[in-house]
Each structure stands twice: as structure tokens, then as C-alpha cells.
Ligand code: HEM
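Shown here is one chain on its own, the form predicted alone, set out as C-alpha cells.
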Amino acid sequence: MTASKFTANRPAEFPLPPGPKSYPGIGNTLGFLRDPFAFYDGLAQYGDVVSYSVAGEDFCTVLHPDYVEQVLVTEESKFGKSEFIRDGGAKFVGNGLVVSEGEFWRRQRTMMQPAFYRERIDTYTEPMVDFPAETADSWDDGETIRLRETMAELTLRILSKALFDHDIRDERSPVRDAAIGITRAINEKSDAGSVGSLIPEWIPTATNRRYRRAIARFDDAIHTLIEERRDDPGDDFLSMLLHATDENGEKMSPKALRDEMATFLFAGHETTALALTYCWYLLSTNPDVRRKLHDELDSVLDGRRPTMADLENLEYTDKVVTEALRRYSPAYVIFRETTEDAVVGGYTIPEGTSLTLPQFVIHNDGRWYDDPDEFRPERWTAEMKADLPDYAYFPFGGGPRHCIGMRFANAELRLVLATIAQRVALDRRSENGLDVRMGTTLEPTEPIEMSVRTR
């Protein structure tokens, strides 16, 4: 960190956080690009509050649950959305809920919150069961599927129907093609191990050109969908957004509506698809866990389709999802930025510093979890959860800015898992281990092929 960010009256007893050696002009950029995972692994030797520099930006990583809680909850007003993230998402999500700030963010969140009340989630669950049942029933015994791509298609169908009353089955849907295209383009552009992730969007590289074309196609598809719903309103999420008003009776602007649609269509299907991908992969590598899951589904459901009312009795199913989100959190790091000098863990973090709160590190820290590299759903007992620090597990963030779609995603993950696992087991076609990379999400580097085995 540079001394220019300090205020003149900084207390001497709160020094800068320690961190790895920084080199003139490049800081720690090369070490980060060479292997982002190894870079993060190396930060722990400096403590729980660590400073470094990447691509000309001053960063501080926080590795203790108490400090995560301080940033997200108890002193959240000192930590705004990172400029690093705002700039990176400006072209696609604009000023959507993920990146907006202040009064505008509060206005947007308040207008959208009723769509995610618990009782409202119940009205979205039919496609969370019908579509995965149809998908699993369409597979032949012994058929090979590409796991991530199949889950992405499924979660996009669920999201499109549940939130936008748009059915992409049996048609060449512009929404389907645009959503899949923008997901591919965003993940390519944001690969943390690539120099391309540091190149500004306006420079006409091949990656940036593909990114701009994907955004243009996405905007066209969203505009069409919005106009269709404007002419034919229903009881879905998009209709609610079109007619929602703030305390002054004003509706969302066309741009605000577009930005929120972009946010939900990307984040709403991509992160859930990845979470399901990791669930199936981990089950395939842990046959005892999979057998226990099947036994519970057979006992509780007895062959019928699951409902929301069943989820409270599907305790082991819940533990499987919880443990998979611990091992591989699709939204793997939270970014914030200090809006004023802040003291965290006895160190001063100057105003304007970007903070990272890495779930993928904290969720797999041996201080909070026994044998953290093992996939053990059984670990999630009432006693274990009571002893676990609050922010040793935060796959959906926390505080006022926790993920607004958390209830939707939790219901979808458990219902899809239960519905498909009733019907089939998915076995790995290769014994190769799982390799992941840091993009906008934590994603597999290679396709994962699974063989379908009918139960």
C-alpha cells in the first residue's frame, strides 16, 4: 500500500497490514497472475489481514470470520462496493443491485424485496421440480452428459419460467442464446489467471470484441422480453418490476430495469448451475454420501416428487448442499472498498483500498473445519453449527447486502438435487481430479462428463 492513502492523523498504534514483498511498478501482479490459488494460499503466513498490490490497485485480504463480520455487518457503512468491481461490471450489469450504492441501491432493493419473500418463493417452485424431472427422464441409461452445460441449461429454464414466465423449452429462444453467450463471454474476460482480465474493456482485443458482441445480443433479447411482458403483464418477477413503485410512486427507469434483468439472468442461473455441478461431482467421488442421500430420498418421498414442504424433512439433502457450497462456493470472493480509514484486526486499512473476503479460503480453513478438504455432509450437526463463527460460512454474503435471491437459490438447489437424485446416479467418466479457475465465478477449467445410471 502507498503512504499517500493515509490520513495525517492516522493512529501510530495501528500500522499497515503486513504482506508479501511488492516490486516497483508491478507490485504483486506477476505472482497473482502466475497462480491465483497459490497466491491466496501464501497470504495466510502474514496473518488474517494482509496487504498487497495487483495491477496498480491496493488490496487487503481478510481471512478471519470476525473481521468478515465487521466488514459486512457491524461497520458495513465504512466499506462500500469496490471500484474494481464497479468498473469491471459497468458494461454489463450497469448500476444493477450487485454494484449499485447508497440511496439508489436501497430504493432498488426495497422495490424488489417483495418478490423474494418466503411465501412468494412457494409460487416459483413448480419449474424447480417439473423441469429437472423432465431432464432426468429424458436421459438414457448409460448416456454421457456434460455436467456443467446441462445444469446451466436447466437452471436457465427454471429461472426464465419462474421469474419471467418465459418458457425456453422446445424453441430457439433469444433469451437462452443471449444468456449462455454472455455467461461464456464474461467468464472468458474475467479469468483471474489471464492477463486479459487486466486489459480495459475499450481496448479492441479479441476477447473484448466477443464480450461487446455478447452484450449487444443480450440487450436485444432483454428488450424484447421486457416489451412482451409490458404488453402482456402477469404475476411473475418481471411484471412486478415493471409495475413496482418507490415511496414517491415512481417506477424503475428503463435503464434500471435492464440492469436488474442483466444481474438476475446472469447471477441467477450461473451460480446455481455451478453449485449443482459441484454437488454432482462431489457425490460421484463419495459413494457413501450418495447412498445416504438416496436412502433419505427413498424414505421421505417414497417415489413422489418433492415439494417445498418436504425440504424440512430432507435433512441429509440439506447437508449435502451446505457442504458442497462450503467446498466450492460459486461466488467465491466478496469485494469491498474502504470509504474511510478503517481499523481491522489492529491494522489501518486506508480509504480507497480494495478488500477481498474470500469464501473459498475461509470455508476451507482448518481452524474452523476438521479435515476441511474432505466432503463430509455429516459435519453439519447442530453442535458444530453452534460452535462455528458466524462468518466462517457465508456463501451468499451477509449483512444488509446479502444475496437477495438466497431463498430462491436455496430452494432451487435442494429441489433440483432431490428430483434428479430420485431418478438417477451420475458417475464420473474420468478419474481426473477437479480443476477450477477464478473468473466472475469459480468454474471448472475443463468439461466434466458424467455417465447416467438409472436407479
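Note that the structure is a prediction, hence the values are computed from the model and not measured. One rule holds for the numbers: they count along the sequence shown, beginning at 1.
There is also a form predicted together with the named molecule; it is not shown, and the following applies to it.
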Practice prompt. Give a yes or no for Gly397: in the model of the complex, does one of its heavy atoms lie within 4.5 Å of a heavy atom belonging to the named molecule?
Written response: yes
Worksheet item: Taking heavy atoms only, is Arg429 within 4.5 angstroms of the named molecule in the model of the complex?
Response: no
Worksheet entry | Ile349 within 4.5 Å of the named molecule in the model of the complex, heavy atoms | no
Worksheet item: Using 4.5 Å between non-hydrogen atoms, is Tyr316 touching the named molecule in the model of the complex?
Response: no
Worksheet item: Taking Thr263, Thr271 and Ala331 as a possible spot, do all three reach the named molecule in the model of the complex with a heavy atom inside 4.5 Å?
Response: yes
Discussion item. Going by heavy atom distances of 4.5 angstroms or less, which of Lys161, Arg148, Arg336, Arg327 would be at the interface with the named molecule in the model of the complex?
Written reply: Arg336
Practice prompt. State the residue from Val98, Leu355, Ala136, Ile222 whose non-hydrogen atoms include one within 4.5 Å of the named molecule in the model of the complex.
Written response: Val98
Worksheet item: Looking at 105 to 113, 289 to 297, 173 to 181, 224 to 232, which lies within 4.5 angstroms of the named molecule in the model of the complex, counting heavy atoms?
Response: 105 to 113
Worksheet item: Which residues in 353 to 368 have a heavy atom within 4.5 Å of the named molecule in the model of the complex?
Response: Gln359
